[in-house]
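This text opens with one protein chain seen in two forms, each one given by itself as C-alpha cells under the names structure 1 and structure 2.
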Structure 1
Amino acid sequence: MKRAAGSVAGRNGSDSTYSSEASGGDMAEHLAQTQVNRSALAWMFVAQGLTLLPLFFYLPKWLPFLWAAAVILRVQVFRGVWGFPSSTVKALLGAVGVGGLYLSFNRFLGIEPMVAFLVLAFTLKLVEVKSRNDLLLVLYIGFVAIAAQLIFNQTLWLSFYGVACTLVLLAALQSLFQHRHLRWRRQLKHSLVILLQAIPVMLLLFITMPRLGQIWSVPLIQEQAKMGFSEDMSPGDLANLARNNAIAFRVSFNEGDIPAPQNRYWRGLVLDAFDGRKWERKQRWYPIINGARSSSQLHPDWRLNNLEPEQRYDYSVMLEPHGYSWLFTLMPAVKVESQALRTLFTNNYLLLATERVTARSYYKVQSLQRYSVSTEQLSVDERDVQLALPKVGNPGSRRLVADWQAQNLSAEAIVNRALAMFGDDFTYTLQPPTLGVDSIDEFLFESQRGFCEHFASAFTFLMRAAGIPARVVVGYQGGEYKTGSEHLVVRQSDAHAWAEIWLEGRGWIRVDPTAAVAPARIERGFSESLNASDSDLVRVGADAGFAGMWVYRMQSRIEQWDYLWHKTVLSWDNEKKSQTLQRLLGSLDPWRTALFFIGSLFGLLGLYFLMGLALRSRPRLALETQLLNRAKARLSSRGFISNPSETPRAFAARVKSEFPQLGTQFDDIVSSYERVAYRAQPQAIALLRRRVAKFRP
C-alpha cells in the first residue's frame, strides 16, 4: 500500500495523503493543504543543506552522511521507489542518532551536544515529511539553525552567509503556498523584498533594545594550532606555532602614540618551574583584586591620579577565543574594563579572566610605559621559587656560571655576558635540532641553533644558576599595523618567549635574549628575521610571490572588514547605545526612548501599508501574458494590431492567413501560452519564453 501511494505521488509530481472518501472540491482543498510538490521539496533540500553546512564543521563528522542519506531516502519516496518508513524504523533511527551523539560527546549537556541534537532532529524530520505542515516545521527549524551558526562563529562573512540562508528559507516558505511554478530568480527576488522590508525594523530594535551581553560560550576543540601556546613550554613548541598565521588578537590605541615595535611585548603567562626540559607554571597565582563584570578596576599597586597620557598606553584588545583564562596586555597593566569578562589582577602582574575565553572577547586596558615593577625586596618564598633548579643535570651550564661568578662579576655583568654569548655564535631558526635530556647544555655547547623558547629557557637557567631570580614569560611580540582601521594585528606566528629577572633596586625587568641573536625579529617583525630556508616554511607578504602577495592582500582586507564589523556591530554595548540615543533624542528619558521606538515602528508600518496600496493600484500582468504581449508588440511593427475583443487564437489565425510562415511561429507562441494560462502546465513557461525570444517578424 505504501509503495502504491508513493508511485501515485511520483507520477503526480507531489506527495499527498488523503482519504479515499474525499471527492470534488473537498479533494482539491485537501490536496492544497497537504501536498508537497516537486518545487517545494527541492527548495527544502537546498535550504536545509545551506543552513547545515557551517554547523557540520563543528559537529561530529558522521552527521553530514546522515543528512545525505535522509535526502536520498526522501527522494526515493517522492519517486515512488520506496515507501515512507514505519514508526518502528523512525524510532530506531532516532535512537541510533541519539546514541551516536552520546558516543561523540560523552555527555548530553552543553552547547555543542544541544546543537548537534537540533541538527539530528532537523535531519530526521526530513524523512517523515508528508504534508505542507510537516514541511513548514522543517523550515521553521531552519531559522533556529541559522542562529546556531552564530554561536560558533560571528565573523562578518558568516553573518552574510546567515542572511543568504534566510533568503533561501523564505523562498522555500513561499514555494509552499504557490499554485504555479515560478523561476528561482523571481522567487529569490520576492524573498529579498521581504528581507529589505525587515532591515529598518531590525535597525530600530538594534538601536533601542538593551544589550544582554554574552549569554553562553562554546568550548573549543583543544588544538594548539588554533589556540596558541599552552600552560607549559618545551623546546620546539613556539617554533611549531610560528607556522600558524591565524589572528591571536587585535589592538587599537585610544590616546597617545602606538608603542614602537621593540616595545610591543604582549604578556600572557609566567612560567617559573623547570624540570630539566620543560618550563611550567608552578607558583599558584592568587588574585590581588577581583573584577566585577561591566566595571572598571585599578591595580592596587598603582595610583593613576597623576598619570599623564604620555606616561601610559590606553588601548582596546579584541581577543580571539583560545580556551584559557589569560588575557594579553602590555606590561604592566594597571586598569582594565570589560563588558563581557570578569577579570582579575594576579600577584605577578598578569591579567586573567575568571572563566576560560571561549568566545571572541573585548576589553580595554591602561598600561604604564615603563617596565619595572616590584622594586621592593622579594620575600623568601618568592626568591626560592624564582631560583629553583633541578638538583642535577646540565653540568656544563652550571660550570660556565661558576666561572663567571669566580670573576666576581655583578648581576648586570653576568646578564651582559650571557647576552654577548648568544650574540656571537648562535643562530635563530624555525628548524632547531631535537634536544636530549640535558637540553640546556646541548643547546649552548652543541647545536647553538634555536627559536625564542630555546634562548629564553637557556638564559633563565643561567640566571638562576648565578643566583639571579628569573622566570620565563610567554606571550606575543610585535603586531602588524593596519592603515585605514588604525589597529594592530597580532598573529599566532608572533608567539614569543622572553625572560624577566629581578635586580636589586630595579625590581622585575624584561630581558629578551632573542634580541641579541636576531634583532630584526624584535624591531621589524617575525617574517623579517627568517633566513631563506625558514622563509620556505612560512610564506608571507612580499616573500610569497605575485599570486601569494595577491592572496595575502585580499586576506588582509577581509580581516580588516571583519575587525570593523566586530568593533562597530558585535561590540555594540549599552554605553554605545546610550551615546547614540543621546545624540538622536537629546536626552535619555525613558519616555523619549519609548516615544521614539513606537513612533518609528508605526511610521514604518504606515509606509509599508502605503507602498502596498500603491502596488495594488497597478495590477501586474502574469508572466505568460507579458510574454504574449511582447510578441504582439513585435507584430505591430508589421501592421498587425490585435483588437480588444479578439482572442489570441483568432488573432493568430488572422496573422497566418496573410503571412503563413509568420503566423505559424505566432501560433506556436499562442499554444504555449494556452498551456500555461488555461491548462495549468507551468513548466511550459520556459518553452514560451524561448519561442518569444526567437520571434523576430
Structure 2
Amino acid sequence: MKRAAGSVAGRNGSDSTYSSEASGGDMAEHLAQTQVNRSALAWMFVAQGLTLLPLFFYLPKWLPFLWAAAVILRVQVFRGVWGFPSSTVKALLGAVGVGGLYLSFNRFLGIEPMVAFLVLAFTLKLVEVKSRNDLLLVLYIGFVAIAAQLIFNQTLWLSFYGVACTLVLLAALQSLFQHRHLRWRRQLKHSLVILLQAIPVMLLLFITMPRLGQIWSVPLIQEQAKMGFSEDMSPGDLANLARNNAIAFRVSFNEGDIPAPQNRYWRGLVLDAFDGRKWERKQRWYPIINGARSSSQLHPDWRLNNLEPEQRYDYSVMLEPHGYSWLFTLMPAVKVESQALRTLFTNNYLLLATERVTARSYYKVQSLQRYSVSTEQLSVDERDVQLALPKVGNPGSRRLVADWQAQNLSAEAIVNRALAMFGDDFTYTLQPPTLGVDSIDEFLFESQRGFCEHFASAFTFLMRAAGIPARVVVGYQGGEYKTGSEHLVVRQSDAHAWAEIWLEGRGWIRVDPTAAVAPARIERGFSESLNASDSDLVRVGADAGFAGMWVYRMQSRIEQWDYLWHKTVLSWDNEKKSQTLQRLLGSLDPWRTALFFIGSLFGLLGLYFLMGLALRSRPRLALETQLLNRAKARLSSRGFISNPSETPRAFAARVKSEFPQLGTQFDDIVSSYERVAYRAQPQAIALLRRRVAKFRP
C-alpha cells in the first residue's frame, strides 16, 4: 500500500502522503481533488458492478468481460504497475467497443444498442479516471444506468435492487469527499440516511409531477423472448407449456360479476387453416389490421349505447410481455381502453395490439356476458374458410363422419355424437403418444389419448368434415383466484385449445371437447385434472410435498406483491394523479398544486433543519462509552449488573471472581476502554469495537 501510494503520488509530482491519510487542510483538499483514493476506487468498482449486473443479462455477452478487463486495468494503474493508457490505446478501446456493438446488433438505433452504448461508455470511462471529477462523472453515469435497468424489467424486485444500487452509488459518492477512511457499514449507513431523507421528496415528486405516459412500455425492444403458445398449433405444443408455471397475465374485475371457472375462456388466437397435422391462421395480420375496428369505441356489431353492469364483465388485464401482438379477452370483447397499447378488434372478435407486446401492459376490457354473433348466415368467403380441409388424408375420420351423415343426423346431433365419443373412450393426458401423418385418424382410432389440442383439433376436423363451420381457438382457460388482492392469476400452464362452431340460428358457439373428457380440467383447473404420472411432470401446488408447498406459497406471495406494485405504482397515470391531487387539495388548480409542491418541499427542508438542530444539541455519549455499555448490557443478561459508582476495572474484577473466563474477556474490553477513555489513545477504539463485537456471554 505504501509503495503504491508513493508511486501514485510520485507520478503527480508530489511526494506528500496519500489522500486517505490526509486529515484536512489545503494540501489534503488539493490531493483529494487530483487523486483518487483507494476506498473511493473500491466503492466505485462495487457500485459499478452492482449497477451493471442486471443490464448484462439483456446485452451482448462480451460486455461483462470488457468491464472486468477495465477493472483490472484500473487496479494495475492504481498499484503503479502500469501507467495510464495513452490516447491511442483509449481511442482503440473505444473503436473496438463501438465496432463490437455494431457487430452484435447490426444497427445503432433502438433501445438496446443505446443502452449497450451507455454501458460501454460507463465501462471505458473507468480506464481514464484520474481525478475526483472523473470519478464523479462515472458515478453520475451510474445513476442513469440504474434507470436503464428499468427499461428491461419492471418488477418490484428490480426496483428494490435499483434502490440498493443507489445506496451503494451514494456511498461511493460520499467516499470521494472524505479524507478519512470509514468502515463500509458506516459508509452505507450514512448513505442510507441520505436516501431516507430523499424518500419524502421522491413521493412528493411522484404525486405532483405530470406523467409522460408509460414510456417504458414504448415497444422498442426487438429481441423480446417469446412466451406462451406460438402462431400455429401442432399436437404436443400446449402439453409442453403445461410444465411452465410462469404467469401469462393477471385479471382484476372492476365491477359486476366474475365469471364462473368453467366460463373463463381467455381467447388469444383463432386458427382456421388445417394441413392435416398443424393448425394455422389463414389470414395474415395486415389485412386484419387494415380492416379492423378501433377498440376504443363500443364494438359496432353491438349497437348498444350503455351496457348495464349485469350485462357485462368489466375487467383489467395486466399482461406479461409475450412478444406477440395478440391480447386475451373473454368472448366477446366490446370495448377496450389502454394507455400503453394501441388495440384493434379483428373480425373474429379477437383483440390485437398494433405492436408486439414487449413490456408488461395494462388494458381494460368490457365483455358481454351473453351474446350471439353472426346468427343469420356466414358470408360465402368465410364459410369456405371455416370448412376448408385438406383434400386427402385422415380417411378414417372422414368415413366416420360420412356414417353419421348417412344416419341423417342434425348438426346438433353430430356435435353431441362427437362429444359423446370423446367422453366414452378417450383419456386426457399430458403424455400422449406421438402421432404420424394422419394425426386425426391415429388419435381417434388408435391412441385415444391426448391433451387439449388433440381434442380441439380432432373435433374441429370432424365438424368441418360434417359441413359445420368450425375453428380452433387457442388461449387460456381458468386461472387461480387470489382472494387477498382480488385478482385472477393465469399461468402458462393454463394454456388451452378449444373449438368454436357455427350453427344456423345460433351463430358462433364455443364447444370444448376437453370438457367432455376431463370436466375437472375446466371446472377446477389444470393441476386438478391430472393423473398421478402427469402430476409428477408438472409438480405444482399441494402435489409437491411440504417443501414444494412452501416454495409455491412463497412464489405466489411474491407474485402478488409484484402485481400490487405494478398496479399501484407503475401504472400510476395522469388520471390517478389527478384523482389523488383532487382528494388531497380539493381542486386541480395549477396554483394549488404548485403551492402544495413548494410548501411541502420547504416544509420538509425546515423539518430536516430542525431535526439536525435537535440532534446536534443533544450531546451523545462517547463512542467508547456506548461500546462499554453494550458489553455491560450483554453481561446483565448473565446477572451481572454494574453499580454506577463501580469503576469498570472493579466491575471486571467482580465478574472475574465469579466467572474467570468471562471475566478475562470482559477484562480485555475494560482495558481497551481504559486506553481510549483514560489514556488518551483513541486508536484503541478499533480494538474495543472488535472485542465488544466478539463478546457474547
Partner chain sequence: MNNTISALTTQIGTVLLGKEPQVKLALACLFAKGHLLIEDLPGMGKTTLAQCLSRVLGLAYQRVQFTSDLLPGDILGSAVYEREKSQFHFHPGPVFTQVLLADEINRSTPKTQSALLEAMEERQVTVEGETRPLPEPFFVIATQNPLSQAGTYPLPESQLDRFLMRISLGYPNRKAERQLFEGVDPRARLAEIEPVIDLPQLQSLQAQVQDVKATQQLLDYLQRMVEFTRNDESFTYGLSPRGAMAWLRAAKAWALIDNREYLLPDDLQAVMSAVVGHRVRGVHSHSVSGQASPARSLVDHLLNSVSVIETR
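Small disclaimer: the values here were computed from a predicted structure and weren't measured. Here the rigid core means the biggest group of C-alpha atoms that line up within 1.5 Å when the two forms are laid on top of each other. The first residue in the sequence of structure 1 is number 1, and each one after it adds one.
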{"property": "Structure corresponding to the form predicted together with its partner chain", "result": "2"}
{"property": "Gly484 C-alpha moves between structure 1 and structure 2 by 2 Å or more, core aligned", "result": "no"}
{"property": "Residue shift check between structure 1 and structure 2, rigid core fit, Phe651 Cα at least 2 Å", "result": "yes"}
{"property": "Trp508: Cα shift of 2 Å or greater between structure 1 and structure 2 (core-aligned)", "result": "no"}
{"property": "After superposing on the core, C-alpha shift for Gln431 between structure 1 and structure 2 in angstrom", "result": "2.5"}
{"property": "Leu627 CA shift between structure 1 and structure 2 in angstrom, with the core used for superposition", "result": "8.0"}
